[in-house]
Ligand SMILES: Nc1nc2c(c(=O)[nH]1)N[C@H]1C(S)=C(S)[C@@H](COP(=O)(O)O)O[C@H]1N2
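Below you will find one chain, with nothing else, as structure tokens; this is the form predicted alone, and questions on how it binds or moves follow later.
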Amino acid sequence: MSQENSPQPEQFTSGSHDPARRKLLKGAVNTGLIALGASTFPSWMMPALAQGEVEVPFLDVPDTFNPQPVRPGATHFQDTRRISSFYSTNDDFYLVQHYGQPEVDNATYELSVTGLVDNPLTFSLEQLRSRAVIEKDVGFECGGNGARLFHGLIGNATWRGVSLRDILLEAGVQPGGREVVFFGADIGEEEIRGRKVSKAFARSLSLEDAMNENNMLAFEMNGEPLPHFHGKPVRLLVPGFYGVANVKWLTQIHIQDTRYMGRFMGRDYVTLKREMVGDQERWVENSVARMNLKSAIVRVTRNGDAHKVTGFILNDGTPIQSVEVSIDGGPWQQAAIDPQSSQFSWKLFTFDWQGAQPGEHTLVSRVTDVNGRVQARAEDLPEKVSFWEDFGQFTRRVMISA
């Protein structure tokens, strides 16, 4: 989750990005929507309210639910009912971190590559910026995002940076290297078996995952230098993974021959669930890593007698086959996905709700990928002890007035 938990005081920079400079329609191969040709999409309007359009309140949102603007020292989550653009502004993209928000001086910044490599490397910020630059639209959510926050620990942005794969190839990973560990400049005190020690925030990837060509070391977000609270000056970006993998304030990349077992890999961000292992039911643990297939309805609007349902999709980058909506337990009906969507962006969708009758209604969405995986019903997910990886179908309730 953009490294998750309670943020510390920070300097805030207003983020802005003009979607008009982006291509409105990307090729099907690049969008991750290969099963839905662009010709099937209607003329798309971003989900800002049109003239005469009014929001239909959800009955499942309590009066006490009151998302706040970005504030120093507070976790920030979006009010998903207010999503109004394909890109989240830098101030609205969710924020979570564990060890404060360290001040890193751009002029003295260094990133080192150490461990089982033939050529240990050190880069200044300017040296990184002088390399070939890549740009990607990437959206992700916190591993702890879910229904309790109406899926607000979420964001979507354009990122620019340099290829992690190219840097690892330049360093020359030795045959024994199997795990790549990413350390941030944010350091906290941990008590382990009665002893207090200083620990840097860190996460790791297998060498195979780290070498994925989509990974980048990002230094720009939505056309601006990476803001302080999003990891200035450089953060790791692993498209398709939950935000906790995207280490902020990145200072060291270390290659080793054993699995990394720091707090945020081995003890925290661990999903404990009951499932079948062969023919035995067991409690199984896994580190939060790749995002699960997920969709959620976040808005219902009315314009005259017409009603529109809006939601989002997130997953690990596997192409999407379809997203559907069911009203009051009725048949699944196909919704339309925003053609701006790319492989690793969030995918906003809309559904024209025909013939909505006065009274209370339930609405739910489900997404299917090209491998035939379908977003599970909440009741069909394994029993879990923690709230990590909340990706079951999310039923909403609304009241349609006469």
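The first residue of the shown sequence is 1; numbering continues from there. No experiment lies behind these values; they were computed from the predicted model shown.
The form predicted in complex with the named molecule is left out here; the points below concern that form.
Undergrad: Exactly one residue in Phe241, Trp249, Tyr87, Phe312 has a non-hydrogen atom within 4.5 Å of the named molecule in the predicted bound form; which is it?
TA: Residue within 4.5 Å of the partner: Trp249.
Undergrad: Just one of Gln97, Asn156, Asn215, Ser295 has a heavy atom within 4.5 Å of the named molecule in the predicted bound form. Which one?
TA: Of the listed residues, the single hit is Gln97.
Undergrad: Only one of 272-280, 103-111, 178-186, 160-168 has heavy atoms within 4.5 Å of the named molecule in the predicted bound form; I'd like to know which.
TA: Among the listed stretches, the partner-contacting one is 178-186.
Undergrad: Would you please decide whether Val138 lies within 4.5 angstroms of the named molecule in the predicted bound form, comparing each non-hydrogen atom pair?
TA: Judged by the heavy-atom cut-off of 4.5 Å, Val138 is well away from the named molecule in the predicted bound form.
Undergrad: Examine Arg235 and determine whether its closest non-hydrogen atom to the named molecule in the predicted bound form is within 4.5 angstroms.
TA: So Arg235 counts as contacting the named molecule.
Undergrad: Answer with yes or no whether Cys142 is in contact with the named molecule in the predicted bound form, where contact means some heavy atom within 4.5 Å.
TA: Although the named molecule is absent here, Cys142 would touch it in the predicted bound form, with heavy atoms inside 4.5 Å.
Undergrad: Using the partner position in the predicted bound form, report whether His151 sits within 4.5 Å of the named molecule, counting heavy atoms only.
TA: So His151 does not count as contacting the named molecule.
Undergrad: Can you work out whether the named molecule is within 4.5 angstroms of a heavy atom in all three of His307, Phe351 and Phe394 in the predicted bound form?
TA: No, because His307, Phe351 and Phe394 lack any heavy atom that approaches the named molecule to within 4.5 Å in the predicted bound form.
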